[in-house]
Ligand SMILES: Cc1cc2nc3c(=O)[nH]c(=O)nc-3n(C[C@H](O)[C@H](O)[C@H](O)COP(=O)(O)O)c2cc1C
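One chain comes next, on its own, written as structure tokens: the form predicted alone.
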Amino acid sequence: MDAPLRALVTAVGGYDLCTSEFVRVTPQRLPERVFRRFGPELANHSKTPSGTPFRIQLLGSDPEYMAINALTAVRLGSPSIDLNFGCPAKTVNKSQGGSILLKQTDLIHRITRCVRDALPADIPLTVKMRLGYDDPSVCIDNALAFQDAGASELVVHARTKTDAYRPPAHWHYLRDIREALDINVVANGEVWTRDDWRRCYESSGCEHLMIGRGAVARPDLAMQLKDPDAQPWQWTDFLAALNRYWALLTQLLERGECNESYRIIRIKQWLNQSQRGFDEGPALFEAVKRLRDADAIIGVINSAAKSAR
């Protein structure tokens, strides 16, 4: 999620913490403007407009520069640092970032230790990982390496990189990881509904949950998980939020903080995920996915909103 979408989703309620999209770290000291672009919440005491705490996430393979840039993020206001060792994207893995590093237990230990040693003692360091690159049997060794290097919490996406996002998520591995570690283990992967979370909990034993695509598909998912009596979102609620998102993206465009292509890509991405959350989602996504004109896209969305009233 970018900052406008984080603002909308966390305003729904139920979310305890949110994380930036990963900041890609190469062998250089990134300028402060990069962190502010990925995390405008830094200027709001590291909170979204509705008050949900926010932190910066880093992705990279150079221990020294991961540490240097983690310090910059903390100096700018991030109350904790999250390290991404779970991204399955081919372009990221080809440049030695994300889940490809799970093949190198010694390296992920060095990266984590270097960042931990550089940070003030009161700044939590957390890690996001997958079960492995192509072999889930390495998951406990990697998890122990992160713990030994000083991570205070581990979020585990219950699939390997080669599993991508194909169901099912292998939640049972999380129970083994949790029982091997002393730090908190957070479950992640393939939770779209309250029933999914119940099955995830029964399989993993993890009491804490991170949701990503599920939160985009159903912005009220966290609230539904916490309060089964909460009124679920209707399609009209989603369309209203979609219009607010378009307005926020338009503000970014007018301030010169994004281009037209970004606005169109982002709205299509959200509509794509909505197919999992709402029965009406597939038809609306089909209607806009090939459109390249912003006015045409918002016209289709507004037409759908009128029809839904």
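A residue's number is simply how far along the shown sequence it sits, counting from 1. What you see is a predicted model, and the numbers here were worked out from it, not measured in a lab.
We do not show the form predicted together with this ligand, though everything after this point is about it.
- Though the partner is left out of this view, Tyr165 does reach within 4.5 Å of this ligand in the predicted bound form, counting heavy atoms only.
- Not displayed here, this ligand is kept clear of Ser46 by more than 4.5 Å at the level of heavy atoms in the predicted bound form.
- The closest non-hydrogen atom of Glu190 lies within 4.5 Å of this ligand in the predicted bound form.
- Contact annotation for Gly97: none of its heavy atoms lies within 4.5 Å of this ligand in the predicted bound form.
- Screening Ser78, Thr112, Asn84, Asn142 for any heavy atom within 4.5 Å of this ligand in the predicted bound form leaves a single hit, Asn84.
- Only one of Leu225, Leu125, Met210, Val92 lies close to this ligand in the predicted bound form, with a heavy atom inside 4.5 Å, and it is Met210.
- Judged against this ligand in the predicted bound form with a 4.5 angstroms heavy atom cut-off, the residues Ser61, Tyr133 and Lys161 are out of contact without exception.
- Of the candidate stretches 294-302, 7-15, 20-28, 281-289, only 20-28 contains residues with a heavy atom within 4.5 Å of this ligand in the predicted bound form.
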